[in-house]
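Read the single chain below, which is given as structure tokens and is the form predicted alone.
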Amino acid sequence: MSHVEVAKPTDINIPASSLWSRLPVIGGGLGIAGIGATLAAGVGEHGQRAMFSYLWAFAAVLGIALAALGWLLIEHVVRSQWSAVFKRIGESMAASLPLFALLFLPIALLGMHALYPWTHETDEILEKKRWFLSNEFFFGRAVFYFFIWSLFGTLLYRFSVRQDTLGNDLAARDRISLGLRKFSAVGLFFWVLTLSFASIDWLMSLQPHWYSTIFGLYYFSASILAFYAFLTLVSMALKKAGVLQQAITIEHYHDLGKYLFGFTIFWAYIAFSQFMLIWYANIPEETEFFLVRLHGGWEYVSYALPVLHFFIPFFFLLSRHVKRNPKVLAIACWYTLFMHLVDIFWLVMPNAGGHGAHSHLSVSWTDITAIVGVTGIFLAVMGVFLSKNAVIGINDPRLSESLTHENY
């Protein structure tokens, strides 16, 4: 394994005077207030709508943390070099995954009846799915998902931090890198499996008659796209705070922009594939997904998504100059995150009217409190992990190559 010696960055810790150091307190305060207001509405007269707001926020933010975990697993397996300067940021996101087990409790304790028709309705189709759609199996799977995510997210962070303490012991550093690679190869299998089934359980079963064999891939494509946008913005914010000024360069932003561009295309490909196959087969149990989204104002969102979430960012990110201009790239990232929220909103909210009913497009104040709350808690926990240790893996064997990375 190569160990080319280059000057290592010294600005690797968040300054005490930085807003980043206060992120756990600020994010925690916003999170408690936002989630508290949403759950208070969840036990009131408009409880069903509030729980849909909460599920939407939970699924949108969880997707970013899960994509961070998957990205890390892939980067370790392929021994990526360019991304070494970003790994600690991704590790801090993935290490927050145990938090989502707590954030899932309101869904499990307050929202099951309001969200999932299969918990209190029955018909011939649902009875055939009862072996899978039962409370006991549903919660058992959820426990397994969070165990896997928490295990891999926590251990990737801990071993990475441990590697920082090894100094010039190159053999020990290489052993950890090799161990992380083998560990990640196993983790990838479980990550793909759990992400797919979790999206089926928590999102697809909102319409229990409907099914799609690539729904898990759709949720992944949406989440990984949002992750790259979020990772880019976090790295830019850290640089503005005086951290990693020399480590993260235009070359790194260029690569992040390419991934943002590539996964914009990938999301559109999966979205179109899902639509085309359902339209072509014309099976009632499948077409109901789109029929619900072609009434009550949702048709405008359905028609707008391909244009706003694909064509506009596609042509915007096509230029090399956009990817190498941080201010312009930041605009694309903020836009991508907003469209990610719209996309998940489109998956969740049309079901708020109940099974077989057409819900009208509306935005509730609980949507705002829910997304502020869940995002605030996520940022708070991520901020804790970023502040506890250096924001870069200083003894990563591939750091030297990452620091000198160039696009050709």
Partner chain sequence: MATAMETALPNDPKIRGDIVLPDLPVGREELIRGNHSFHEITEIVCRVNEAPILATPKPFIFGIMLAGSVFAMFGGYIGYLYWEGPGIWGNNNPVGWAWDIVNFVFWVGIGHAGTLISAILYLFRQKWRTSINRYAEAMTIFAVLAASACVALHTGRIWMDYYLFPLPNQMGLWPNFRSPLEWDVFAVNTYLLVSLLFWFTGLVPDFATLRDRTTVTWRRLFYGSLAMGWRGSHRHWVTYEKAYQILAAFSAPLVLSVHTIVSFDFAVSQLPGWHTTIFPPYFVAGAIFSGFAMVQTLMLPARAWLGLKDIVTVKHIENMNKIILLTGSLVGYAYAMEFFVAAYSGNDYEGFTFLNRMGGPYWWAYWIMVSCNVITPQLFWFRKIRTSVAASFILSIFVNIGMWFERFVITVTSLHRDALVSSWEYFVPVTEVLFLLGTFGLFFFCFLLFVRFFPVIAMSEVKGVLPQANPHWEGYHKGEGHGHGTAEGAGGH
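Everything numeric here is computed off the predicted structure, so don't read it as measured data. Residue numbers count along the first chain shown, from 1.
Omitted from view is the form predicted together with its partner chain, to which the following refers.
Undergrad: Within 4.5 Å, heavy atoms only, one stretch in 188-196, 294-302, 102-110, 332-340 touches its partner chain in the predicted bound form. Which?
TA: Residues of 188-196 come within 4.5 Å of the partner.
Undergrad: Taking heavy atoms only, is His120 within 4.5 angstroms of its partner chain in the predicted bound form?
TA: So His120 does not count as contacting its partner chain.
Undergrad: At 4.5 Å between heavy atoms, is Val307 in contact with its partner chain in the predicted bound form?
TA: It does not: once its partner chain is placed as it appears in the predicted bound form, Val307 has no heavy atom within 4.5 Å of it.
Undergrad: Is there a non-hydrogen atom of Ser150 within 4.5 angstroms of a non-hydrogen atom of its partner chain in the predicted bound form?
TA: No.
Undergrad: Is Pro313 near its partner chain? Define near as a heavy atom within 4.5 Å, in the predicted bound form.
TA: No, Pro313 stays farther than 4.5 Å from its partner chain in the predicted bound form.
Undergrad: By the heavy atom within 4.5 Å rule, which residue out of Thr165, Asn135, Gln246, Thr213 makes contact with its partner chain in the predicted bound form?
TA: Looking at Thr165, Asn135, Gln246, Thr213 one by one, just Thr213 meets the 4.5 Å heavy-atom criterion.
Undergrad: Who in 270-300 is close to its partner chain in the predicted bound form, meaning a heavy atom within 4.5 Å?
TA: Result: Ile270, Phe272, Ser273, Gln274, Met276, Leu277, Ile278, Tyr280, Ala281, Asn282, Ile283, Glu285, Glu286.
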